[in-house]
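Shown here is one chain on its own, the form predicted alone, set out as structure tokens.
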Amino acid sequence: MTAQEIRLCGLLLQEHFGEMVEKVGTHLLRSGAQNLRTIVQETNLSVDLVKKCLCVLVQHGACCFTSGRKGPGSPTEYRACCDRILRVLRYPRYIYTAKTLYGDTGELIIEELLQRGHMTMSSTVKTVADRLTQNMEEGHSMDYSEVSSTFSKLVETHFLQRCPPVGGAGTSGSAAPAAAPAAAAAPAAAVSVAPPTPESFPECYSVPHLSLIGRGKRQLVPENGEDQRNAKRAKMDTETHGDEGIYWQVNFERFHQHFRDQAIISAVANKLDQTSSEIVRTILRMSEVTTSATAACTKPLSANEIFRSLPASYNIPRHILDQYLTLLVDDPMEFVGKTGESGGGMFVVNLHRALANLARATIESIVQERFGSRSARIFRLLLRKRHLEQKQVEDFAMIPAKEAKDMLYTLLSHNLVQLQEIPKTPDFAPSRTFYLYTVNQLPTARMLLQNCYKTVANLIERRLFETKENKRLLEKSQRIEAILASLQASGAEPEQLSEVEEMISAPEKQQLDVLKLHVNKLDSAENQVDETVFVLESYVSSTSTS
């Protein structure tokens, strides 16, 4: 775990959970596994506050707890999960993907589960139905069965999964209440560092039968103290629906698999054409649930199966499909491979090879943006030829010697290019030594990944600074918007509305517009950098698993 990762994790924890949770989480990231007493002593926080912070982290899967390393009876130890905290950065992308695939209902289901860490199916269905009903016209409401159907589809496609039971994760049942009493009611979403898989327990993707009948309820504006009474009434509600103790969480690996597939499809469309990308999309769709997240390639599929599963709108004849498959197999990018001849040929998508090519294109793009097209030409040349002397680089790249020398040294100083010495004699005399320039893609990807973490952290800090500097103006704007909303709900006159709108002056409006523009740019930059982070992370993890 690097300093940049810890810094970014701290900023994400502070923004989403507050300073106290950030202090405890950052301390665990730096110190490793610790028991409750040690955490309290080293953070100088009260025991109750540390317990609450640990409960929040455990609830959201950002912390796992195990029995002590000193044997039975030793205190429970807590360990922060850096990878899980970094997933917070990708929350908007998860929600947008769910909206694209399953509409507003899927979007709200994923949003609720991300906000609360994990929930039961019945409480999720109720909450989402109420939120959808709130945004519908008067007299319309959302049926619980529709939300349940979308929830089941998300489970069927493995975007949601059950949290593993505490006992099945290898942690004693007494470990949780000892130091985190509030976490005892929740399942151990974070008991194990690794995310649960279908192989870990048999009912990971089994949807329980709910005895939940009804429609979403529209919330009324609460009077003074009414919201507190409603909260108490909700806590005391003991109605059962048949899924008590079965909690659900978002399967991040499945979302990452979807993002990877979309990146591969987009790359094929850019390299070849739309029809080729549709064939690759069909192969990936047929094997999306059966292929594990760490597999080097998809399950083999015959040409006959691919032909039957192609969308009817494309209307591709069989002989044209065979030509496209041959074209994809012969392409130097090697996205598609052929593993056999039965059934018209057996084809797979080479996932690790595709990720390596995507990472290579990303690194080349970064070099071109930072150092120019000529440096990118030298970088691509070294990637292709592996080892070259400086004179060979000048000749192959067709760049004057002085410029090529400057560019090579610039790339070398930024660790994008490495210099390898091959001596003719054991004394390493410079006159009798070959100096070869080369590019190691994996270390370069790791270095650029750390630079991306640093960039995202800088963007978040800048956004927080902008918001803090204009805090008074933002609060004033929010108060005015709340007053306008209440007046419109009560049917106020246009004159009253215009009077309230005039409470904020023209210069303040202009300042607000500039602030919103800056914040939107920073948000957009965060999302764009995260796309690069995802490609590089996927490539690094694929090389480690292979």
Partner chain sequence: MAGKGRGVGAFTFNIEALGIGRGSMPEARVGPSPLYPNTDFKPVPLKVGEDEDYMLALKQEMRGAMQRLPHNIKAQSGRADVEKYTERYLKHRQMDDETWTPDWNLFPKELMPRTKKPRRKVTKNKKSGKGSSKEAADVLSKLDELEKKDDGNAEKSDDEPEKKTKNEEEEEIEEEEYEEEDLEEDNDYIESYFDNGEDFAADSDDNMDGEATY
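Because the structure is a prediction, the values reported are computed rather than measured. Numbering follows the first chain given and starts at 1.
Another form, the form predicted in complex with the partner chain, is not on view; read the next lines as being about it.
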In the predicted complex, segment of 114 to 122, 151 to 159, 354 to 362, 279 to 287 with a heavy atom within 4.5 Å of the partner chain: 114 to 122
Contact at R254, Y314 and S542 by the partner chain in the predicted complex, all three, heavy atom at most 4.5 Å: no
Non-hydrogen atom contact F17 with the partner chain in the predicted complex at 4.5 angstroms: yes
L28: touches the partner chain in the predicted complex, heavy atom cutoff 4.5 angstroms: no
Interface membership of P92, the partner chain in the predicted complex, 4.5 Å heavy atom rule: yes
is_contact(F379, the partner chain) in the predicted complex, heavy atom dist at most 4.5 Å: no
One residue of F347, Y453, Y78, F335 in contact with the partner chain, assessed in the predicted complex (non-hydrogen atom, 4.5 angstroms): Y78
In the predicted complex, residues of 24 to 52 near the partner chain [heavy atom within 4.5 Å]: L36, R37, S46, V47, D48, L49, K51, K52
